[in-house]
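Quick setup: one chain, the form predicted alone, written in structure tokens, and binding and motion questions come after.
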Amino acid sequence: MDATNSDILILGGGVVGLSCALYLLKAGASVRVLEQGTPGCGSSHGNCGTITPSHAPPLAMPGMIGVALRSMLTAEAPLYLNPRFDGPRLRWLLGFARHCNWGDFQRATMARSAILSRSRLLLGELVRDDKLDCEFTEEGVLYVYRSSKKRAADEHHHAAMLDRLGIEVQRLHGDDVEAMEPALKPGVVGGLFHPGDARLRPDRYVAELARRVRELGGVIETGARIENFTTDNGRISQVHSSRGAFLADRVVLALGAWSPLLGKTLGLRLPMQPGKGYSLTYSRPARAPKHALVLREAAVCVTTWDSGYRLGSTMEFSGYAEGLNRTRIDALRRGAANGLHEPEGPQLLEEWWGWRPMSVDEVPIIGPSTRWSNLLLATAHGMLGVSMSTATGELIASMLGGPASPVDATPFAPARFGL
């Protein structure tokens, strides 16, 4: 490959950018990835690593704006909206509110289900065929309830929607859940088990993707912070970074939560906000759960691997405010302690925060830009970047000459936002 030129230049070396790179390389393209840090150093690193077709229904539904507004009074609420005034965030919230209706909920669910189900299939094949060492297991995800009211609400909306989509969900009594998971404290009233879900260790998965990209001839430029662009006749002719200028026939913007910040320099107004999440990673406790769990009342995700153990989740809208919010971290600990005999491992290995790229309609933005003829976007995957990554890579590759994807790209098109 030329020192600065390639067929495809991918901006962003997280799980989505690397998946795009891998599928493009397999389709025969020459690929270069520009990553401002190291591969997967953003939200690809510290998430809980669950692969979840069961998460097809979005947050945006009638009543959710009221929940968000009430959360402004409770800094430890699972969904927290910082009361500080922020113009871009306010515009995003108003747009999000317009999508909190049953029609948009249905459309978003169908689009998300299509890409999640395809990605789940591809990810299993990729791990096996490319021999990715990432602690991938196909044992399902279990929702645990201690409130009958919460369980009834989820059965009415969440489980019923999965039934209509043909995604298996098993309704369990409390004693069945406790027998299935001895790590849980008594007092469980019921559970929803999603046998088609899976889990992996996300930092190892991203490291393995980076390894395969390099093995197939791709180049990953680390420490390459993107600074600006040279454009000419509706095309991006050069991408300027802290590592120099790069050229390519096509450019893929896969910068996750940083996408709207860079998009501004191209005159693109991406309707996205960073949704801040947190996690705590430990050495594995002796009494660790057998399955990945979601403790529903506290909205705490619990993932166990052979190599460790993680508590994660929460959604905080605080704009681009950096750093750990100790109140949120402590809420994770309390939520786990309420539900588990041994909520923390013997050694705390990492306290982490990261921004998830949340689109206003909770559907990813994938496809060609209507403004720049050689630009494609692959961003706005929300909390589901790992879960949607492989199908996103397949879609981008299919748009650039690779094999056709069975997923209809129309619902994800940037054109729906005039991008």
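Just count from 1 along the sequence shown to find any residue number. As the structure is a prediction and not an experimental result, all values here were calculated from the model.
Separately, the form predicted in complex with a small molecule exists; it is not shown, and the next lines address it.
Q: Ok, A248, I226, A207, V127: which has a heavy atom sitting within 4.5 Å of the small molecule in the predicted complex?
A: Contact residue from the list: I226.
Q: Counting any non-hydrogen atom inside 4.5 Å, which residue from S359, T390, S54, T50 sits next to the small molecule in the predicted complex?
A: The residue in contact is T50.
Q: Within 4.5 Å of the small molecule in the predicted complex: all of G14, G256 and M383, by heavy atom?
A: Yes: each residue has a heavy atom within 4.5 Å of the partner.
Q: Going by heavy atoms within 4.5 Å, which of 318-326, 147-155, 273-281, 162-170 lines up against the small molecule in the predicted complex?
A: The contacting stretch here is 273-281.
Q: Does the small molecule get within 4.5 angstroms of any non-hydrogen atom of P58 in the predicted complex?
A: Contact with the small molecule, no.
Q: Looking in the predicted complex, any heavy atom of C41 within 4.5 Å of the small molecule?
A: It does: once the small molecule is placed as it appears in the predicted complex, C41 has a heavy atom within 4.5 Å of it.
Q: Do E394 and the small molecule share at least one heavy atom pair within 4.5 Å in the predicted complex?
A: No, E394 stays farther than 4.5 Å from the small molecule in the predicted complex.
Q: Is V363 near the small molecule? Define near as a heavy atom within 4.5 Å, in the predicted complex.
A: Answer no; every heavy atom of V363 is more than 4.5 Å from the small molecule in the predicted complex.
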